[in-house]
Ligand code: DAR
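One chain is shown next in structure tokens, namely the form predicted alone.
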């Protein structure tokens, strides 16, 4: 077995030189790897498979089992520290309380109702992560969530419809229906053409066990079987960020209680997610902000200069690597996920909105 692994270790050594941005490759320690028994060696390589097959990956690894972050801690702690920019002894604490203790109302900045969105990733503690799930695991997850969604019907804010991508499922979508929901950003795109997800095993058995639950107004959406067991989203056009945060927190509590299995958590890394980039809160909070003067000429460089020191990321209207709106609208979101609380993420977004709007108005008055 060890002789068979030698070429892989040699390949990783070459990739360390050729791909310095691949975090998993850079954090691979041959001495630590050599100290593991053959089973744990294979387990580590399974986690690194996507980054080895696709050396241009940034993170380069996904967890396969809920306890990978603990069992393979010498590797993962280094990779997590490098990506998140934290000390490898840091400890994550969850807290949904907003530090300011107010509603985070953007009318304070003279803004009208805007599109607010918060999403989180969650995985159940009693199942493998999506990178290691069998076909039976995937269909069992979908069956479990069908029962949960039935229970959500009694809540007026969360009552909705479940649609499935699983062939033969009673709620299976037709191709045109699926394409319409993708175009409307309600359901996720097909995963079987993504080389990173294929190598990681996340796209395995596509499209079995995948589906989406959504309310009529699309203000509450749950993806089943994408990168994590669940991606849970709350969206509102409004002015008070805290209302969206509170609704999401309440929905998560209801789902966890109804599922008869706790969500996976780590004492040090918080919410367990398949990709280490989402550990901690597993949260992304964002707002669509119109900044025509800061984005004049179609460039977001000036926006990013202001946003970077605030810990904010700037994306296009359709997500990462997509163009900004023709009117200068951008997607603004705090970058931090780990060693920051849920309340702090939304507060950081609120404070960033204020500073970006101030800079936009200064430029407009020049």
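Being a predicted model, the structure only gives us computed values, none of them experimental. Positions refer to the first chain, counted from 1.
Below, we refer to the form predicted together with this ligand, which is not included among the displayed structures.
*Asks:* Taking 4.5 angstroms as the heavy atom distance cut-off, pick the stretch from 86-94, 276-284, 103-111, 131-139 that is near this ligand in the predicted complex.
*Replies:* One stretch meets the cut-off, namely 276-284.
*Asks:* Using heavy atoms only and a 4.5 Å cut-off, determine which of 58, 301, 327, 37 is in contact with this ligand in the predicted complex.
*Replies:* After the contact test, the surviving option is 58.
*Asks:* Work out which of 162, 76, 196, 124 lies within 4.5 Å of this ligand in the predicted complex, going by heavy atoms.
*Replies:* None of the others qualify; the residue that does is 196.
*Asks:* Residue 28 near this ligand in the predicted complex, any heavy atom under 4.5 Å?
*Replies:* Flag for residue 28 set to no.
*Asks:* Using a 4.5 Å heavy atom cut-off, state whether residue 205 contacts this ligand in the predicted complex.
*Replies:* Because no heavy atom of residue 205 falls inside 4.5 Å of this ligand in the predicted complex, the answer is no.
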